[in-house]
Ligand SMILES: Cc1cc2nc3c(=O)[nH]c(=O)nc-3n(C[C@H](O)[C@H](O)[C@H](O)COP(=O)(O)OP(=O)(O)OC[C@H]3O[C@@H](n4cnc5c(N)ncnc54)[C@H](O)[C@@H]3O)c2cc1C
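Have a look below at one chain only, the form predicted on its own, in structure tokens format.
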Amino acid sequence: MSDIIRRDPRAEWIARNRLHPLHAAMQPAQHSWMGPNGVIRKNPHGVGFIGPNGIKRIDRSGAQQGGATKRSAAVEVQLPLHQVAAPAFYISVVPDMVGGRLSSHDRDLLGLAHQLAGKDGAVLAVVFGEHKENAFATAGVDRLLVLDGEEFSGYAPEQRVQGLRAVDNQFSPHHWLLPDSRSGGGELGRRFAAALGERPATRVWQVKDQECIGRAGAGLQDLARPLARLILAAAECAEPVSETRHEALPVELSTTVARSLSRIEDLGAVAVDPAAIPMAEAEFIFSGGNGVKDWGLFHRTAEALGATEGASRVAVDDGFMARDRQVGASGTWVTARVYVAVGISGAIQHLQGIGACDKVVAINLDPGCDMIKRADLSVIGESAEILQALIDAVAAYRNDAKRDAA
């Protein structure tokens, strides 16, 4: 096991949320307090630790007591289990699964589905092809249907519509939810609506009182309509599931999916220069700040990782990066799946700009800076040494891959 202390943002969030059912369990034990007369009282039963022989020992150095008040990242948060043995109906969700994992948009969609399902319904997630996600249970999935097959791989919207129609015939869900995104959900949802002959509710950002409220008029107006069966929801349409864990029981189709005569030929992925990707659309951003001393090494690291370069406002003002590379409230708001901040302390404007990023990695010398507190993974050390180690690790990985291929 590694001796590196890792933060658990989820456990820290539960500890701050007094309404969460596990809030009390995440609070540190109180070993001392001030009495009514101003005298410090100590709890003799809360001092010390159990030794290897089962005997309670007292650490008079204070190290054990000081460490006991900290929430360990190894604490496993056991959420209450939400079970639906015999669902009265289904709410089907088709997540984008960009990169084989649930995005923040997908989790918001599952939160909305959980609201529509209530206590009697079940959330059915329909996933195409292989995936890398192992947190369907904590995302709010009651039933998981994986449509795996060569016909669903790549860009195959017509075949995927056939798969969704087979799911609709077997499970007859009350509602279909798809993300209204550029990652495939928006197009697939509109194709599926045309196949069903139904009018979808698009760009929905709120479902309330049996009504769908969506954006209209170039995003300047809200359009309310009765709750539709097919909903294409925008990001932040609902709060993601966070207080329960679900079964995510696998289910299968009872019939085979009919093959469609495809009129689209997928020629595969096309290599794109990461520097040419707009910041707002980049999935992997490698951003530098005032703590970067060797910008040549920074650029080589970004190239080795295949990441889109970004920068803080200080680095842009100093002329190290172009203005269109600035990340933050005064620059570009980004929604990357992975955001690496090198030498960025974490000003409030910068933290606002990366608020929608899924995973944040911070490389910094200051363990108490705001970026370290925001990050999901922190590396404390000199940026030049860490960046060079990253380049060496990527080179070694690629050499091993070439050797295995040969």
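Residue numbers run from 1 along the displayed sequence. Remember, predicted model here, so these are calculated numbers, not experimental data.
Here the subject shifts to the form predicted in complex with this ligand, a form of this protein not shown in this document.
Checking V161, L297, V251, V314 against this ligand in the model of the complex, a heavy atom within 4.5 Å turns up for just one residue: V314.
Contact annotation: of the candidates A156, L305, L145, A329, the single residue with a non-hydrogen atom within 4.5 angstroms of this ligand in the model of the complex is A329. Although the partner is absent here, V361 sits far enough away that none of its heavy atoms falls within 4.5 Å of this ligand in the model of the complex. Taking the partner from the other structure, this ligand in the model of the complex has no heavy atom within 4.5 Å of any heavy atom of P95. In the model of the complex, N290 approaches this ligand with a heavy atom inside 4.5 Å.
Residue contact check for G381: one or more of its heavy atoms lie within 4.5 Å of this ligand in the model of the complex. Along 334-352, residues G343, I344, S345, G346, A347, Q349, H350 each place a heavy atom within 4.5 Å of this ligand in the model of the complex.
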